[in-house]
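Before any questions on binding or motion, here is one chain by itself as C-alpha cells, the form predicted on its own.
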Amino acid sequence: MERIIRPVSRQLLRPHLRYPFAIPPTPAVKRLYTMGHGRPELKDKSLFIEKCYINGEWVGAQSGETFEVHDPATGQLIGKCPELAASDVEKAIQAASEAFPSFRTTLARERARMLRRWYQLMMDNAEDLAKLITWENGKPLADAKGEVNYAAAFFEWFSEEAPRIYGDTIPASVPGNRVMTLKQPVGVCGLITPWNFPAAMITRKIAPALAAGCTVVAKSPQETPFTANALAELAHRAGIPKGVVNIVTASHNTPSVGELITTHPDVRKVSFTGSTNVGRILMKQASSTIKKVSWELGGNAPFIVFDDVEDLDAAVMGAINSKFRSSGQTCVCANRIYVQKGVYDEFAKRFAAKVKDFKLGLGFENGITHGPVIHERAVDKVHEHVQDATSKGAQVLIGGKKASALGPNFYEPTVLAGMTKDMLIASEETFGPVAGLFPFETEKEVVELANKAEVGLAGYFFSGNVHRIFRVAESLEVGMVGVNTGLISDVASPFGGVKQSGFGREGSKYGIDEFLTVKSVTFGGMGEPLQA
C-alpha cells in the first residue's frame, strides 16, 4: 500500500473547495485552473511524471512511500514523487556503474549528437517545461521561459565541447622518453541540485558529465522534482542509453541519500549546488572515499555603485536585475548594495521607483513580474532580516512586510536605506526580495567591506573610471565579477566561487574538466637512431 509522507511545513488544503487555493484566485488564474482541471495545461501531458528514472525505466520506491509537492503560489497539491531510500538509490548507482564501461567508449561525436538531440527536444517542449517550472517553483512564466532557454544552452554548448577533449604531447626531460597525456572520464558522477533553477542547475551538471563520457545519478530537489523528471523523459526520447542518466527523488530521506552518494565507492565524482552548511557536511562525507568534488555554495554578493558611474540609470537597472531576479532567490543575487555618498540619495530614489512598479502575484498571470518565495521558512528569514535592519535604524523605502493577502509565501519587494555593517543583511545571505542600500565614502573602504564576507561567489560594480575598473575587479575576493552589468550568467562563462562559496567551475570551456582525469603516458626507449 502506498504511504504518503506529507512534509510538516505544508498546510493541507480543504478538498471540498472547487478551486484548491489557499487564497481566493483572481479571475485570470481561475480560468487557467478551470481549463487545466486544477493544473496548468501541458501540450504533452506525458511530461508530467510522478516516478523516478532509474536504468531507463520509471519506477517508484520499493517501500511504496511518496512525498507531496505543492505549488508555492497557491498551496495546491501538484503531485507526489517516490520517497526513495538509500537502498533504492543504490540501484541507480549500480545502473550507472554498469552503463559506464560502454558509454565511456562511445565516440565523442556520438555523445555530441545525443546532447544535441536532447537540446532540440528541450526547445521543442520549451513551453511545457516553463509551465512546470512556474508551477513548482513559483517564478513568473516569462522568467521560466528564460530559464528553459538557458538550461537547454548547456546541452548545446557541451555537445560542441565533447569532440574537443584534447590531450598533449610533452617534451620529456629524460633522453629517449616521449610523454603524452590523455583526458578520460572520471566515472559515475553523483549530482545534487537545488530548487531555485529546476532545469538549469541539472543541465549545467549533466551536460558536461555526458560530454566527458561519464554516467550520472542526479538527486533532484524535493521542492521541484517534476521539471527534472520531464528532462529525464526527454533524455529517453533523445536516445541516451539506459543507465547513463538516472534521476532520483527523496524528501525526508534526503540526508541518507546524500550520504550514500558521497560515500559510495562506485561514485567517483560529486557535484553539489546549495548552501555552504550542507556543502561542509557533504565534503566531510566525500572525504571518506577521496572523491573528486566540486561545490557551488552560498553567496553574499556585493553590488557597488561609484560616484563616477557614467549612467546612473544603467546602474539602477543593473542592481534591479541582479537583486530581484527570481525574487532574490539566486546565489549570485546582489545581497549588499553599496552606493557612494555622492550619488546615494539619487540612486535610492530611482531604485525605489523601479521597485514600486513591480507586480507581485501568481506566476501564470499576465503582467506579473515577481512570484512567491519557495516556502514559509524563506518568508520568515526575509522578514527577520527586514525587522533586524529597521530595529537598528534602517528606513523602509518600499515594501517591508509580508504580502499575506496573496498567500503565506509572498513577501513585498522591499528597499531599505541607511544600512549599516552591524545588520544581518551585511553578513547573511537573504535569499529573498529585499535590497539593502549601504552608503560608503572611499574605494578602499568599500572593497574592504565587500571582502569581509566568508563567502566569495559573485560581485558587481559600476564605474566609468578604467583604472578603477581594473583595480576593483582584481581586488574583489569573488569567483565572478560583473563590471557595469548586473547579469553575468552565460554558458560561455565559467561559473563558481572562492573562499566558502566552494571550488570548481561550471559552464564554459573549463566546465568539462571537472568530469575528466588527466593520465600521463611515458614511452621509453624511443631515442634510437634511424635504421639504415
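Start at 1 with the first residue shown and count on from there. None of the values given here were measured: they were computed from a predicted structure.
The same protein has a further form, the form predicted together with succinic acid (SIN), not shown here; the description that follows concerns it.
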Three or more ligand atoms within 2.4 Å of backbone or C-beta counts as blocked, none as open; so place succinic acid (SIN) from its pose in the model of the complex by superposing the site C-alphas and call it.
open
Examine S489 and determine whether its closest non-hydrogen atom to succinic acid (SIN) in the model of the complex is within 4.5 angstroms.
yes
Within a 4.5 Å heavy atom cut-off, is D71 in contact with succinic acid (SIN) in the model of the complex?
no
Considering only heavy atoms, tell me if N137 and succinic acid (SIN) come within 4.5 Å of each other in the model of the complex.
no
I'd like to check something about Y150: if you look in the model of the complex, is any of its heavy atoms closer than or equal to 4.5 Å to a heavy atom of succinic acid (SIN)?
yes
Pick from K269, K402, R111, R325: which has a non-hydrogen atom within 4.5 Å of succinic acid (SIN) in the model of the complex?
R325
Taking succinic acid (SIN) in the model of the complex as the reference, which of F197, F303, F158, W118 has a non-hydrogen atom within 4.5 Å?
F197
Of 378-386, 391-399, 244-252, 326-334, which is the one stretch near succinic acid (SIN) in the model of the complex, taking non-hydrogen atoms within 4.5 angstroms as near?
326-334
Looking in the model of the complex, is succinic acid (SIN) within 4.5 angstroms of a heavy atom from every one of T66, K80 and E223?
no
Hey, which residues along 245-283 are within 4.5 angstroms of succinic acid (SIN) in the model of the complex, non-hydrogen atoms only?
T273
